[in-house]
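First, one chain by itself: the form predicted alone, in structure tokens.
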Amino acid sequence: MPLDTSLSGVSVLVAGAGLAGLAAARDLADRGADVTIIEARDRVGGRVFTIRNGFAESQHGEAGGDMIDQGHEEVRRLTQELGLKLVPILHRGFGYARADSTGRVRIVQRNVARSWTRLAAQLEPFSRLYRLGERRWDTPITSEIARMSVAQWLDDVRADDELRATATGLRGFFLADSEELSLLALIDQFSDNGSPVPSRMSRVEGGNDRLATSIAAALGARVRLGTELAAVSHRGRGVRASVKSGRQTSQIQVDYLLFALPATLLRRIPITPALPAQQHEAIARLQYGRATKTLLQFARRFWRAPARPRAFGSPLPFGAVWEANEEQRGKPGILALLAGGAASNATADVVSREGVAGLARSLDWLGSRDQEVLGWRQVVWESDPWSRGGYAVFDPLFDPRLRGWLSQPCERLFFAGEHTSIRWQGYMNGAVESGRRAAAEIASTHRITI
């Protein structure tokens, strides 16, 4: 394949050095563009955050994006292009834990497939309508479904305790409680993939952040950390960006600008002239889920047992839990707890009242009693100033007809990020795919207009 130099001499500013921005910057540079990528944090990767310090025997865990599924083609392709390796994890899939009638937490089944099958069967009347509309978000069908919350639907179908518990457990996937989540988001997931449970999962050997650091190393000085996008003016044949680094503000003049920022940050940036009304509304209304990711390193991997899964969904306050480093050597092991929606607040409450020991005690059903905690780290993503949430959530107030506007180019402004992905929203794959898509859009736009 011949080298694409279609952007030779063209300047592009990429705002955001998460996977979306870095993937875009890499492709733009490969096309010959003069790329500058700015990032407000002091590190690259965004919500892909591998924590290495504070754990014994040089172990590490993922405080952000974690599992790479079999169908995540773009992130798998990028891993291969960077010369990195994927290692299989959690091959026994997910089990399920919930409280019984006495309040005692038990592992109720080895596989969650039966619960998902029940939920999918109950959703089928809506799913069929959604498929008839070709899964588009701009139809009257989706507009009607979108206005209903999952909680309202559960009431309408007179769901039993098991079905409600299954739906509650999904807050570890959607990062939203049943009353906060549009039924359309649930229908979309089950209509496309049949289940939110990932299959044949992997991680990047040595840490998922190697995807980000490998690209950043190749881009070199073109990556500017500690630099925040403050304002944008796009007129005529150029874009002027005001950027802040510490107390200093400077101007950058470029041909194109690519926003690879969460909508939570994008909507705070003055853009002149303003974006189209629908696009502005889409960005302003999009919600992000509450998410607390806790990594607990124990002196030994007590949760391992023959034929038992090493990952569990749960409707309980600690959220979902799984072995976070089974691919790493050493006697110690790390459990990851992802608490979404109200569970994020509940997890924070447990730690504030009882410390990390209280959180460890909540895992007694796995055998944590009297087990030594060697180290722990916790990230509350809704408190992170550069993300303000875990990832995008579609609530009943979001007009589904606006979804396409999240990724719609506006003259010389382009948009990427997991929230702009249609199929892979919320995933690392969605971030990578959207970044590469936006880079290709810039190249096509430039060829059309020159």
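Just so it is clear, the structure is predicted and the values come from calculations on it, not from any experiment. Residue numbers here begin at 1 and follow the sequence given.
The following text describes the form predicted together with a small molecule, which does not appear among the structures shown.
Only one of 257, 204, 261, 183 comes within 4.5 Å of the small molecule in the model of the complex through a heavy atom, and that residue is 261. Proximity to the small molecule in the model of the complex, defined as a heavy atom within 4.5 Å, singles out one entry of 328, 287, 378, 227, which is 227. Only one of 25-33, 402-410, 50-58, 421-429 lies within 4.5 Å of the small molecule in the model of the complex by heavy atoms, and it is 421-429. At a distance threshold of 4.5 angstroms between non-hydrogen atoms, residue 394 is out of contact with the small molecule in the model of the complex. The closest non-hydrogen atom of residue 265 lies within 4.5 Å of the small molecule in the model of the complex.
Interface residue remark: residue 310 is not counted as part of the site for the small molecule in the model of the complex, having no heavy atom within 4.5 Å.
When contacts are judged by a 4.5 Å heavy atom cut-off, residue 338 counts as touching the small molecule in the model of the complex. Although the partner is absent from the chain shown here, none of 99, 119 and 319 has a heavy atom within 4.5 Å of the small molecule in the model of the complex.
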